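As a starting point, one isolated chain is supplied in structure tokens, in the form predicted on its own.
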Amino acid sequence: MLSASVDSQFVHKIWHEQELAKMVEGGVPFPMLADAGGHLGKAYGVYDDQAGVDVRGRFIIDPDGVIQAMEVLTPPVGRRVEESLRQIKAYQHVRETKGAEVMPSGWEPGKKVLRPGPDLVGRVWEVWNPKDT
């Protein structure tokens, strides 16, 4: 897991020490990348040329380099880390089972998964109910 912004490594250091470390025990456990020129933001379509900053974007990229999920939020609305972690765990599970098991809406680790195939078509309601999540 990585984070990136157009801020310098020095701004990241101060932000981490003065803010994040006080909100998250031990601070952020992953590297924060400085993307001073906005190159990463431009590549992923989240760089705002007029403001010179990246809009908040989250991308789940699999080991093959394929974007599996993305979310872009404007500054007034914060992200939910737990949801990002839930989705990462779901994608990891799908990858581990080579697609033999998939996650229904609202799935949480340890909850019921679905086994896709012709027998499931038109019968999802028999094996999964959204109220059960």
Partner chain sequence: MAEQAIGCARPTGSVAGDEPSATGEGKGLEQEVKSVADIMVGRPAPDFTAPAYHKGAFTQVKLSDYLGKWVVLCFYPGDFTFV
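Numbering follows the first chain given and starts at 1. What you see is a predicted model; the values in this text were computed from it and never measured. Under this definition, the rigid core comprises the largest set of C-alpha atoms superposing within 1.5 Å between the forms.
The discussion below concerns the form predicted together with its partner chain, not included here.
Self-check item: D49 within 4.5 Å of its partner chain in the predicted complex, heavy atoms
Solution: Flag for D49 set to no.
Quiz item: Is E19 close enough to its partner chain in the predicted complex to count, meaning some heavy atom within 4.5 Å?
Solution: Looking in the predicted complex, residue contacts with its partner chain include E19, since a heavy atom lies within 4.5 Å.
Exercise. Indicate whether its partner chain has at least one heavy atom within 4.5 Å of a heavy atom of D62 in the predicted complex.
Key: The answer is yes: D62 has a heavy atom within 4.5 Å of its partner chain.
Quiz item: Is P104 a contact residue for its partner chain in the predicted complex, using a 4.5 Å heavy atom cut-off?
Solution: Because no heavy atom of P104 falls inside 4.5 Å of its partner chain in the predicted complex, the answer is no.
Self-check item: Heavy atom distance at most 4.5 Å to its partner chain in the predicted complex, all of V6, V55 and R95
Solution: Checked in the predicted complex: all three residues contact its partner chain.
Exercise. Scan 67-84 and write down, in order along the chain, each residue with a heavy atom lying within 4.5 Å of its partner chain in the predicted complex.
Key: Heavy-atom contacts to its partner chain in the predicted complex: I67, Q68, A69, M70, P75, P76, V77, G78, R79.
Practice problem: Would you tell me if V124 moves between this form and the one not shown by 2 Å or more at its C-alpha, with the rigid core held superposed? | Solution: After core superposition, the C-alpha of V124 moves less than 2 Å between this form and the one not shown.
Quiz item: Does R115 count as moved between this form and the one not shown, where moved means a C-alpha shift of 2 angstroms or more after fitting the rigid core?
Solution: It does not, since the R115 C-alpha is displaced less than 2 Å between this form and the one not shown after the core fit.
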